[in-house]
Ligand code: NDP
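Here's a solo chain for you in structure tokens, the form predicted on its own.
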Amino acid sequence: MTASLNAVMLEEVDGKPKAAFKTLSTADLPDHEVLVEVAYSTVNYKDGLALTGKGKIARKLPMVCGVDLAGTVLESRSPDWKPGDRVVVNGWNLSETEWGGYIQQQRVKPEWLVRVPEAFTLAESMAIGTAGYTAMLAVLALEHAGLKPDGRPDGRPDGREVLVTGAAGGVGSIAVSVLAKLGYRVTASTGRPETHDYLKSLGAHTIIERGALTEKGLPLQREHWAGAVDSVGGQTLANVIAQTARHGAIAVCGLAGGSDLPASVFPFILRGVALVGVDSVQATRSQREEAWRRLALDLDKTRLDAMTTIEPLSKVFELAEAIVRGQVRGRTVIDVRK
């Protein structure tokens, strides 16, 4: 039976992409092998850019927005999935070249799907979403580079000392929580004083003002961080690199503060600092499954609940404006059925 679906779609209006609610049917969906009944999506920074028109996210139109989705398989032409399976999709160019999650049903490719761990509800899987899954990939990247909560890079400084930039955002919030639970001493960088208590409740030991990292500094500064998760980029990342200790590592997963990198090679060749890029969009199935396995183990659900709000799809446009203005704290889950 063909269903009537309420979707948020980008279409060309007067030569420009414009997002609006639109009624579609199951017959309008892409001809992919698995039909998912979508329960939840999220609002990420990329969603905000797409819905407000402040960033060119969609590379073809028309486009159903929403970079995440979680739901239950309704139909499957793939032997890997069957009706009733609880699944999540992160990345894979949803809302860019592939229709996304702001709709009540969506057809997806079987290789995009990951099973939702038993530890999480569908709503919790979207409270994690692309932001939390990316944060976990960043933590795994730091571990792969040798970071340990009980180790010290070349004996200095404290090997537990890690920095998270953009800490009050989605990636930052979950990175702070996971790293704290793993035993690291987490410093959170934020430009919003009203989030200090919130970040401490997630496990942050120390808070530093964003401005401490945004001014141009020397190419080599005092060694401070054994590791860092950076979602900001720009001058902030340049200073983080300059302050990272010998044989320390930085996982880079965002550019909220700019895509340029006004840094020097000195920290890399004189201190052996590792700069590791995190690609959450095209990560392999095994990387995704490992990230979700570790999230089930290392993410405190009480802290996850504390950073999460659930809002109806009807409010997605005002939420998009808020996240672009930097007014959203933690994770916002979208109930696409409302």
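Each residue number is its position in the shown sequence, starting from 1. All values reported here derive from a predicted model rather than from experimental measurement.
Keep in mind that the form predicted in complex with this ligand is missing from the display, and what follows is about it.
Chemist: Is there any non-hydrogen atom of Glu33 lying within 4.5 Å of this ligand in the model of the complex?
Modeler: Looking in the model of the complex, residue contacts with this ligand do not include Glu33, since no heavy atom lies within 4.5 Å.
Chemist: Just checking whether Leu255 would be counted as a contact of this ligand in the model of the complex - the rule being heavy atoms within 4.5 angstroms.
Modeler: Output for Leu255 is yes: heavy atoms within 4.5 Å of this ligand.
Chemist: Look up in the model of the complex whether Arg115 has a non-hydrogen atom within 4.5 angstroms of this ligand, and give yes or no.
Modeler: Close contact is absent here: in the model of the complex, Arg115 is far from this ligand, nothing within 4.5 Å, heavy atoms only.
Chemist: Classify Gly191 as contacting or not contacting this ligand in the model of the complex by the rule of any non-hydrogen atom within 4.5 angstroms, answering yes or no.
Modeler: Taking the distances in the model of the complex, the answer for Gly191 is yes, it comes within 4.5 Å of this ligand.
Chemist: Which residue among Val176, Val229, Met126, Ala131 has a heavy atom within 4.5 angstroms of this ligand in the model of the complex?
Modeler: It is Ala131.
Chemist: Considering non-hydrogen atoms and a 4.5 Å limit, which listed residue (Leu270, Val276, Ala306, Val281) is close to this ligand in the model of the complex?
Modeler: Only one listed residue qualifies here, and that residue is Val281.
Chemist: Among 40 to 48, 25 to 33, 308 to 316, 286 to 294, which stretch has residues whose heavy atoms lie within 4.5 Å of this ligand in the model of the complex?
Modeler: Only one stretch passes the 4.5 Å heavy-atom test: 40 to 48.
Chemist: With this ligand taken in the model of the complex, which residues across 18 to 33 come within 4.5 angstroms through any non-hydrogen atom?
Modeler: Going through 18 to 33 in order - heavy atoms within 4.5 Å of this ligand in the model of the complex - there are no hits.
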